[in-house]
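Only one chain is shown below, in structure tokens, and it's the form predicted alone.
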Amino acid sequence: MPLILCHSPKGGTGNSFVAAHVAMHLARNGHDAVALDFTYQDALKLYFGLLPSQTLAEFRSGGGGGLAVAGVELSSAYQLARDRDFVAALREGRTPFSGRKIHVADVAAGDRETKDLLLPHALLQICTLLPQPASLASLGKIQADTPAVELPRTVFVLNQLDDTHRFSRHTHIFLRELLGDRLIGTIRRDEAVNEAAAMFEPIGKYAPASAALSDVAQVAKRIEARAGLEAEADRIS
């Protein structure tokens, strides 16, 4: 019943894009993967190629009921985070996530309450950053009174890296020096990500040669290893 929490203190970083592809990578590797959209924006499904009008079933702690897309059980969890029994269970240390399924939670930047409730139950928190001053300034906002470099279960992804821009290059250098191996990967800026979402197609279908698709696949692989989640096929063999 592992939980991987995707949350960045600054919105618009591509957190949902990363969450979707981590879940899809886990599914391809034989895991029972569940993607939970805790956001009011309800945008996670766009990266699976779904329409904005397509409604997701509410997540049930017993499992099942979600829409199966790309091998992932996709469910809404926005209302769940406001359910008193669910919140009480988390605060009391009881996990509502059951079985061997791996849950990938996409939590909005401004929803610190849900992030703080889920974090004690998470194997790993993924924090997606942009090569922008506002995003870098948010490093001090990830967890109160704890420097980013001291967060024990948090890893970082630099999204929309553009080596043709000096600030982007320097941001990458700065984060490598600051975070070391906690910066588990970079994703190149690629307009195909937005184009695919706008066309309601997964990027793997719309632009299989996308640089961002290749990069996020490597990031997902490192997250799987960092979380100690060996491939299901490897465990069986």
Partner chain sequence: MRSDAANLLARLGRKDFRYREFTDNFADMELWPIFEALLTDDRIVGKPVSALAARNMEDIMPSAARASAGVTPEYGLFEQYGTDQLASRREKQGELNAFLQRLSRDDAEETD
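Positions refer to the first chain, counted from 1. Since we're looking at a predicted model, the values are computed, not measured.
Another form, the form predicted in complex with the partner chain, is not on view; read the next lines as being about it.
With the partner omitted from this view, the residue of Pro52, Pro208, Gly65, Gly180 that lies near the partner chain in the predicted bound form is Gly180 [heavy atom within 4.5 Å].
Only one of Leu123, Ala109, Leu136, Val87 lies close to the partner chain in the predicted bound form, with a heavy atom inside 4.5 Å, and it is Leu136. Taken together, Thr39, Arg60 and Ser76 are entirely out of contact with the partner chain in the predicted bound form: none brings a heavy atom within 4.5 Å. For the chain shown alone, Gly93 is not a contact residue for the partner chain in the predicted bound form, no non-hydrogen atom being within 4.5 angstroms. Proximity of Val69 to the partner chain in the predicted bound form: non-hydrogen atoms within 4.5 Å are absent; the residue sits far from the partner. Remark: Glu150 counts among the residues lining the partner chain in the predicted bound form, judged by a heavy atom distance of 4.5 Å or less. Proximity of Arg100 to the partner chain in the predicted bound form falls outside the 4.5 Å heavy atom cutoff. Only one of 114-122, 101-109, 77-85, 138-146 places residue heavy atoms within 4.5 angstroms of the partner chain in the predicted bound form, namely 138-146. Of the residues in 163-184, those that come within 4.5 Å of the partner chain in the predicted bound form through at least one heavy atom are, in sequence order, Asp163, Thr164, Arg166, Phe167, Arg169, His170, Thr171, His172, Ile173, Phe174, Arg176, Glu177, Leu178, Leu179, Gly180, Asp181, Arg182, Leu183, Ile184.
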